[in-house]
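Below sits a lone chain in structure tokens, taken as the form predicted alone.
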Amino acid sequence: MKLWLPALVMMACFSCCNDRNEKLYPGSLVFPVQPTQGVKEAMAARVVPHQRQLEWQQLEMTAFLHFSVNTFTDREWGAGDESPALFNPVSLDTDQWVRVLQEAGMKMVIITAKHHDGFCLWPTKTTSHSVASSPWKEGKGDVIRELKDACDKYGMKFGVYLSPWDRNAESYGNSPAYNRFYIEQLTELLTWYGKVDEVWFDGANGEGPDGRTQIYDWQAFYDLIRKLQPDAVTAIMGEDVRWVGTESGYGRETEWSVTALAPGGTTESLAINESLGIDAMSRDLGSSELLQKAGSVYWYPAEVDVSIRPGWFWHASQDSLVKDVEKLIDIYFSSVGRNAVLLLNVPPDNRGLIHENDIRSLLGMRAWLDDLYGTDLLKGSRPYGRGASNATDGDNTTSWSPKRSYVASFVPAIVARFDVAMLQEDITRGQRVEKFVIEARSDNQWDTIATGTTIGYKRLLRFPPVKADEIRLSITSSRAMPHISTFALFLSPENESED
């Protein structure tokens, strides 16, 4: 009884939203003035993603391609004065890039169309500092076109990174002039190549305070994207997807997609975040304590960006330092498994190819995950007991939407041995779970094997192998009636051979 009593109390408080007709809030909501106790949590539980955000979340793993003159100068940040003659990837093969990344399980590719050095990978009309001035394909090449064609060929989604900071552009620092210049570049990328699925902005704003100071017109950038590519998500300094706050590959243990952090880089958003004392790196972005201070909340999910190498661009000296399969799997569990999308950077080398060492790690990761997910040990299992209402086992997954008790037990078809649990909420109904417990019964004894806080789109937990003939899931705290779309158990490949 102690496990589910708090959830029962909370359910009684929020009984107004316990049916399919409950009011949902796409994207964001403004709280009422002086709400009564519990109202903010109940309302936040009903904030849901826009369709473009939902489709983005379902990608789970995406790829970053850092590629520019830096690939040929052995630098991470170019100065902007590099000669375009340096850019000459004589064996460039975008089919190889996309094929490898797809085989690794990536669902979208994002290319650095322009990094801070200002060199453009497409034959832009805005500057001569581009592939059109390079010896590659005698100045007639277009990396963006070749990559988009490869993405279309293999059914891969496509995104662009366009650095706001441009160390080559003469107009940088003349804010109106540079914003017009930047919008011209963005317009080319959004109109020349067909569908664009993600536009990735970082917040780099260099040169000041003693040099050129540029004020970006973020709202104009957002408006242009909504006009030209309305289904594209805007990331990091955008309004749809936020930076998780670290480039380590590790998300928060408690990761709310419904946050008090106001999206984007506009003056209004910055003022809201400053008043709350939060930014993308803050540990807490969505707790009940923070909600009490906030006037609004937003569906603003996390993207975890990390490179497969120590650097973001390819360097020959790092060919032996590619992250191994074990490290990539740990990153996967700490990003996708913590309610985020993994954006893994895989930089092409100076030949214009993904290096063999990177390929080895990528395909090793994919093989491990395919083996892990090969058998769901709860497949076909339906919960029983007081919390077993609204249970289904369709689509090869076990789902559960309790109406009374938030505790249910599951009996696998056979005695199960497992070391990974996967939980998912139906985020089309919001993110609601605050705490949960998983227990296993063996020899008539119940033992706690895992506990967690938020679930969101996906939560993965690892623990020492457990052999059990009954499993119990308890939602010990939830902001409204939870909707668990998936509860699954798996055994890691390295433990399959053990008794």
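Residue numbers here begin at 1 and follow the sequence given. This is a predicted model, so every value here is computed, not measured.
There is another form of this protein, the form predicted in complex with ligand FUL, and it is not shown here; the text below is about that form.
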item	value
Heavy atom of His116 within 4.5 Å of ligand FUL in the predicted complex	yes
4.5 angstroms heavy atom contact with ligand FUL in the predicted complex for Asp202	yes
Partner contact for Glu207 in the predicted complex: ligand FUL, 4.5 angstroms, heavy atom	no
Contact label in the predicted complex: Glu198 to ligand FUL, heavy atom within 4.5 Å	no
Site test, His66, Tyr161 and Glu247 vs ligand FUL in the predicted complex, non-hydrogen atom cutoff 4.5 Å	yes
Among the candidates Tyr154, Trp192, Trp77, Tyr373, the residue which, in the predicted complex, approaches ligand FUL to within 4.5 Å (heavy atoms)	Trp77
Contact residue in the predicted complex, chosen from Tyr332, Trp218, Trp312, Phe181 - any heavy atom within 4.5 Å of ligand FUL	Trp312
Listed range touching ligand FUL, judged in the predicted complex by heavy atoms within 4.5 Å, from 220-228, 82-90, 421-429, 304-312	304-312
